[in-house]
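Only one chain is shown below, in structure tokens, and it's the form predicted alone.
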Amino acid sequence: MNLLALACSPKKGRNTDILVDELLQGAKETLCDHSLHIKKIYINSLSFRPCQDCGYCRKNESCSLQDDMTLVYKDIEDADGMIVSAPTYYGGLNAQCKMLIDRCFRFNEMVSNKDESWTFQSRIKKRKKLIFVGANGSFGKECVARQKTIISHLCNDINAELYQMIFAHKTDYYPVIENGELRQKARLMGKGWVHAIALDLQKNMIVEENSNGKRT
């Protein structure tokens, strides 16, 4: 089972990062028949440009920008479960997270319909379960809806189910390191996440076995 955590905060060991680690710790504590392969990437440590809207990915199914995002694309494709974490800046996702999401547009397949509308589907075949981790320094729950909208678009493009969202609100006053209840919630969420992924993998194996049996 491949688990990928994309940490978009420029600060390591702070609010969103702590919650990510709790999720991953819960994942490690989950008993399942699958070995866990966990990779955590700090997006702020990568060197990559924002999407240039050049149209290259429409024709080539890849990105024209050859930078550190090329290292992340394969991990996204191979992931069975993903975590994306980001702090809130000016009421929305921080720039590092938004740049990451914009660059994932290369996974989007635009299919024209007879009524001149478009259907947007993912080029990634493997379905995954995604958890979004957010933190608001001085904001409260008013940021959740707008961030969920953007993350939902990301899920569509990378063929992910939005499994759960977990937020730390008003962290300027209530830092996550001091919030044992929230940290425990994250750890339990990580356990449930891996258990749900394991069930999906088991179902997929049964479907593949049945399909192979029918072919023979």
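In this text, residue numbers run from 1 along the sequence as written. None of the values given here were measured: they were computed from a predicted structure.
Same protein, other form: the form predicted together with a small molecule, not shown, and the subject of what follows.
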item	value
Q96 within 4.5 Å of the small molecule in the predicted bound form, heavy atoms	no
Proximity of H195 to the small molecule in the predicted bound form, heavy atoms at 4.5 Å	no
is_contact(K203, the small molecule) in the predicted bound form, heavy atom dist at most 4.5 Å	no
Any non-hydrogen atom of S138 within 4.5 angstroms of the small molecule in the predicted bound form	yes
Location of the small molecule contact in the predicted bound form, chosen stretch of 170 to 178, 184 to 192, 56 to 64, 26 to 34 [non-hydrogen atom, 4.5 Å]	170 to 178
The small molecule in the predicted bound form reached by all of Y73, K125 and R127, non-hydrogen atom within 4.5 Å	no
